[in-house]
Structures are given as structure tokens and as C-alpha cells.
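Here we start with a single chain on its own, the form predicted alone, put down as C-alpha cells.
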């Protein structure tokens, strides 16, 4: 289980601006709060064991059959169920740097884990966390189709944050060797609800269901997810603005040559300090400016100088840029 993740705001009581989690923090959730307040009596009854209503709603949105959808307690539950289902496979390949739960879940299931080479299971975060990069659609599809005995697990949690062409849900659900993960947490900015889902071939979903505990998704989370799908028009991501801001922030952070910024196709920026450490920067920003970033040093393949941010509004991004520049003045 990952320790040292984004959005560890509980450890920093005076945070004003949060760049540490890969969500957009500016949706207006007041109507969602009011809706849930009206449905609080749901907590006095058991939830649907397999989130059937929500699965049908998702299937309708995605233009696939409900038998190809399985709702989970966040994408993390999905990761562990998939790894357990694939425990009979010999070796998982997980290209770093990426979300560490893939490797943790595979090792827990008894799988050998590597970063390259032959594999019976390949985990791809697409777009990737923490780099924000995307695997090109056509080469990825060709790889999937020419390796039918290899299981491809594609985490599409950040798909709403890019304009790049991606493997679609309908494509993935048509192949028996692809399992796709999705996160309503990321799409709607509700990480506390823990709502994720899997899409895959119907037979794969049937097998995965055998490994899920009953009632793993609570009643209020299911109700909230149904509400969000019904009111998706109220949760439009300002994607063009976020991508423009990602480009602007990247240019501003690199202008003095003290920070390297990894290329990105999303709102995520992976950065590397040339002097100082990400831990020092994180503590300085939290203490002096009420800003929270993600110390990315615990991603496999990264260093003590790496940190990650998810851009927010232009005004907030300016505060971050100026605060980091102040930190860097001690090294000029």
C-alpha cells in the first residue's frame, strides 16, 4: 500500500492551494452535497451488492453493455482485484515511473514484477501518473492485437485530462485481453467518495466479480455517482485552459534553468529540481505559502529532486510559480 501520496492535506493544516492531487479542485459541489443530504437515510440500509443501477447508468453513457462494467471502491480496489485474478500469470511488466499500487498488488498476488521484457501481464497508466504522458493509440492497439495471450491492464483514470487519442472504452471491451480502469474520483474531483469502475469483455467481468467482496461500494457513494452522471453538464472540465496553463507553468518553471520539466499531455507536470530536494521544497511551500505539492521521490525510477503538480487556475498557478522562484533564490 502506498505511503507518501498526493493530497496528504491532513498532515498540513494551513494549506490554501492544493497542487498535490491530480484532480481539478474547482468544481462547485454544493448541489451534490444537498442531494446527499436528502439521501442520508440510505445509510440505514445495505447498499446494492454489485452497484447494479450505477453500472447500467455507466454502460449507457459509455455505449457498452452493462455486462461489460463493474463498479469498484475506487480504482484501487479494481487494481487489487485484477492482480488477484491474474495471479496464475507468470510475470507482470510495469514501465516506471508510474503508480506504485500496480506493483504492490501484483506482488501481493504472488506475481513476479519487472519493468521491461517478456510479460504475461502489462500494466499501463494512460495517461500516465506522474508524467502526464500518453501512449500513442495506433502502436498500442497493434501491440494488443499482436499479443492476444498477454493481458493488458490500462488505467484510464486520467483520460478526461487530455486531447490525445486514446484506446476507447468500446475498443477495450471488445478485446478479451484488455481490462480498463476508470476513476470517477478524478473525473469529478471527489476522491473521498472512492468510486471507480472496470470495463472489459463480459466474460472477463464475470470472472472479476467472483473476487469482489459484496457491498464494497457504500450507498452514499453509489447515490453520488448516479447523481454525477445525471448532472455531468455541471462538471465540465476546462480542459483547454488546463492544457494552456500546463504549458505556461512549465515554461515559467524552466525559465531560469533550475528546474527540469518532463513533457506532458495532460494537466500534470513532473518536475526535477537541479538543486535542493523535493522534500525541502514541499515543506517550504507548505510552511511559508500554504501550498501543497506532491513529493514524487517515492516513484520507482525517480529521485529525491522530483516533485509533481496538477495545474489549477491561472491565479493559483501564479502563486505557485512565484513561491517556487522564491525558494530557488537561495541557489542562484
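These numbers were taken from a predicted model, which means no experiment stands behind them. Positions refer to the first chain, counted from 1.
What comes next is about the form predicted in complex with another copy of the chain, which is not displayed.
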Among the candidates 50, 298, 275, 67, the residue which, in the predicted bound form, approaches another copy of the chain to within 4.5 Å (heavy atoms): 50
Contact assignment for another copy of the chain in the predicted bound form, among 216, 133, 98, 168, heavy atom within 4.5 Å: 216
Site check 139, 247 and 264: each within 4.5 Å of another copy of the chain in the predicted bound form by heavy atom: no
Contact test in the predicted bound form: residue 317 vs another copy of the chain, heavy atoms, 4.5 Å: no
Proximity of residue 304 to another copy of the chain in the predicted bound form, heavy atoms at 4.5 Å: no
Interface membership of residue 29, another copy of the chain in the predicted bound form, 4.5 Å heavy atom rule: yes
In the predicted bound form, residue 221 touching another copy of the chain (heavy atom, 4.5 Å): yes
One stretch from 143 to 151, 168 to 176, 71 to 79, 119 to 127 that, in the predicted bound form, holds residues within 4.5 Å of another copy of the chain by heavy atom: 71 to 79
Heavy atom contacts to another copy of the chain in the predicted bound form at 4.5 Å, residues of 171 to 196 in sequence order: 185, 186, 189, 190, 191, 192, 193, 194
